[in-house]
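Consider the single chain below, provided in structure tokens and representing the form predicted alone.
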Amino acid sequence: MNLISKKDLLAITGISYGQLYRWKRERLIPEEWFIKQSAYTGQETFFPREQILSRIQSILDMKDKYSLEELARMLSPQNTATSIKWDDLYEIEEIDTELINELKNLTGSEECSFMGVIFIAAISMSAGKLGLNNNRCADIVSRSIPALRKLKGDNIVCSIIDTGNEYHTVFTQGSAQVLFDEDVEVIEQLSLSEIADRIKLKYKGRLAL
């Protein structure tokens, strides 16, 4: 996991020590993101880099529009609808409409879980970079959703790996780190929690989020 120190975080974002810990108390930043590690100066606090930078930017962008209590409810993984109708996914600009059609036909269901929707958005946004057409995206999603359903809470990262024959996904949560042998190439890492923040804030009021 790519980490950033508390000192660097405060310098990059321009927020104060007091703001950071107030947002922690207000549940805007998950407690598990505060990772204690030994350093040459003693014990220091680190954070998952992409997730914390994205979360703080979201808070800064929205804090004048919503109260901290409202933001905490919006960003909480426990405050998200358990499922979303497939037809509502056409509202999400980050998902290719043809991919939605592929998945609707493939699953035969009427609804998808919220984290499933976030994963679909992540794959759809990365398709061009990974050289994937909608058929291959749908295949990856259908094979990965059962594993994703087993994860609860925040700070979920998806690693897409190339085994030489096809792409596979590996999900990690919290500060867990997974190391692969030299024959496995990690071609992309997707912070689902970061994308979830963006989707929830962008489509609040338009979808059941």
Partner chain sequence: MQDYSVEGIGKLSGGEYRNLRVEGVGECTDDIKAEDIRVEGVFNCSGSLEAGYFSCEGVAEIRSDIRAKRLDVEGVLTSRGGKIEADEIYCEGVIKANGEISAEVLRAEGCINASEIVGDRITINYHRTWTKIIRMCRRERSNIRVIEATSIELSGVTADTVNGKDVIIGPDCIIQNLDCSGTLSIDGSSQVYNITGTYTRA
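Numbering follows the first chain given and starts at 1. Everything numeric here is computed off the predicted structure, so don't read it as measured data.
Form predicted in complex with the partner chain: not shown, discussed below.
S.K.: Have a look at Arg149, Lys65, Arg143, Lys36 for me and say which one sits with a heavy atom within 4.5 Å of the partner chain in the model of the complex.
M.R.: None of the others qualify; the residue that does is Lys36.
S.K.: Taking heavy atoms only, is Glu182 within 4.5 angstroms of the partner chain in the model of the complex?
M.R.: Flag for Glu182 set to no.
S.K.: With a 4.5 Å heavy atom cut-off, would you call Gln43 a contact of the partner chain in the model of the complex?
M.R.: Within the cut-off, so yes.
S.K.: Lys204 versus the partner chain, in the model of the complex: is there a non-hydrogen atom within 4.5 Å?
M.R.: Contact with the partner chain, no.
S.K.: Is Arg49 part of the interface with the partner chain in the model of the complex - any heavy atom within 4.5 Å?
M.R.: Taking the distances in the model of the complex, the answer for Arg49 is no, it never comes within 4.5 Å of the partner chain.
S.K.: Judged by heavy atom distances of 4.5 Å or less, which residues of 8-24 approach the partner chain in the model of the complex?
M.R.: Residues within 4.5 Å: Ser16, Tyr17, Gly18, Tyr21, Arg22, Lys24.
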